[in-house]
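Take a look at this single chain in structure tokens; it is the form predicted on its own.
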Amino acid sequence: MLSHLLPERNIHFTQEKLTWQEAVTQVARPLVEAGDVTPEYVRAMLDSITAGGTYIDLGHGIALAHARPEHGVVRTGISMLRLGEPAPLLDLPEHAVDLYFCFAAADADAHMRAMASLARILSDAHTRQALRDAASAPEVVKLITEFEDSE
């Protein structure tokens, strides 16, 4: 499931020092460029985080940025951005994040299936660390595919 929603073109790495706003905007860029979400979706994610949405911090330096489908989801998709150094949510050190995912679900069913798939992968400590250590998009896709094949 996740391997179908997170193609190589949606996985990026940067060594730039980013703010959390820049990180959220950059992680969403592949979805905006593909027409999976509208620019309004990015704005809704930023507004939600600004309003106290540090709940997107999943722990282990990982955040899952998202907003409601009606704020601009066209097609279900996921993108990933790995930072060289953390961009703490709301500039709070306790929410230091260096692995951002952007999650866009077109409907409740897609939301549940994609979230369950991502949660299984991120719950596996070995795979989670391997994702954090990955240095290329093909390596990330390979890790996800191998994890899904082992289930």
Partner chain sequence: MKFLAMCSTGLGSSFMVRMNIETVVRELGLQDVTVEHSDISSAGPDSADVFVVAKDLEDAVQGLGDVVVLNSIIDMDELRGAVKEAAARHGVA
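Since we're looking at a predicted model, the values are computed, not measured. Residue numbers count along the first chain shown, from 1.
Below: the form predicted in complex with the partner chain, not depicted.
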Counting only non-hydrogen atoms, the one stretch of 79-87, 22-30, 35-43, 57-65 within 4.5 angstroms of the partner chain in the predicted complex is 57-65
In the predicted complex, does Ala106 come within 4.5 Å of the partner chain, counting heavy atoms only? no
Requested in this report: Verify the contact flag for Met115: yes if a non-hydrogen atom of it lies within 4.5 Å of a non-hydrogen atom of the partner chain in the predicted complex, no if not.
Outcome: yes
Partner proximity in the predicted complex: Ala119 to the partner chain, non-hydrogen atom cutoff 4.5 Å: yes
message: Within 4.5 Å, heavy atoms only: does Ser123 come near the partner chain in the predicted complex?
response: yes
Of the residues spanning 95-114, the ones with some heavy atom within 4.5 Å of the partner chain in the predicted complex are His95, His111, Met112
